[in-house]
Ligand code: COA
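This document opens with one chain alone, in structure tokens, the form predicted on its own.
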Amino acid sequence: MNTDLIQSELLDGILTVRINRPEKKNALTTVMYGALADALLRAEEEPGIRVVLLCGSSDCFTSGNDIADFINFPPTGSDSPVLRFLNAITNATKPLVAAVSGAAIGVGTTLLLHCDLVYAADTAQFQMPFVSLGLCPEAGSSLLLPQLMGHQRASELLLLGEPFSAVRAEQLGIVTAVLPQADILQAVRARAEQLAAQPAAAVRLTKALLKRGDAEKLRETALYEIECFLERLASPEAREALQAFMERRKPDFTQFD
């Protein structure tokens, strides 16, 4: 899928993939998910691409799903664009580097768990409000988050769904380092160039070894999360949460057990 909302540029072995919908806080539509999946698959197929650099705009990485689009075009199976993207980023063999500015909400946070280097601007804010929307975690996050930070801290982030800062994200292991907002793109580009100059086969092998111990369990978890997620989409709680979001009101979950 091609869309101007996802921009790709290949330079010196680095494929920069930019989410470019700033007027909508880089909220992701079905078409955008398809374009992201295609960009990651392109990186897998082209030998000249050694590193993928993911970024958004200067004031927002991504606010997660475009709720209206998500309601109208929910994922229905493994070939849907959102699931193609999650599968592509989970199984990427080449290094993924992320530069995060502004908001990284929902999948904007969970996709970072599959990146090898993650740099956040000091103004970045993270949030995983899946439960608040009547949904459940995705992208293998129910496995990866407890591994990173322990059960209690992961539970706090997922069950309460509250925003947290870049400094907190670094403390929890989601972020490699926090950088000044003004310097982040230049600094992350320099890191990507350094990585691209490394022996490519050795980089890919090392990434595979780092992930080898949990690879099968991650695949199983991600697939089960998808099944649960699709079930939750049809639940009364999710319908109430998403409708309340669209109507800009507080959801009422008291009617549900």
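The shown structure was predicted, so the numbers you read here are calculated from the model rather than taken from an experiment. We number the residues from 1 along the sequence you see.
There is also a form predicted in complex with coenzyme A; it is not shown, and the following applies to it.
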| property | result |
| --- | --- |
| Interface membership of Gly106, coenzyme A in the predicted complex, 4.5 Å heavy atom rule | yes |
| Touches coenzyme A in the predicted complex: Ile67 (any heavy atom, 4.5 Å) | yes |
| Arg249, heavy atom within 4.5 angstroms of coenzyme A in the predicted complex | no |
| Contact of Cys55 with coenzyme A in the predicted complex (heavy atom, 4.5 Å) | no |
| Contact segment among 129-137, 170-178, 111-119, 83-91, judged by heavy atoms lying within 4.5 Å of coenzyme A in the predicted complex | 129-137 |
| All of Glu23, Ala27 and Phe245 with a heavy atom within 4.5 Å of coenzyme A in the predicted complex | yes |
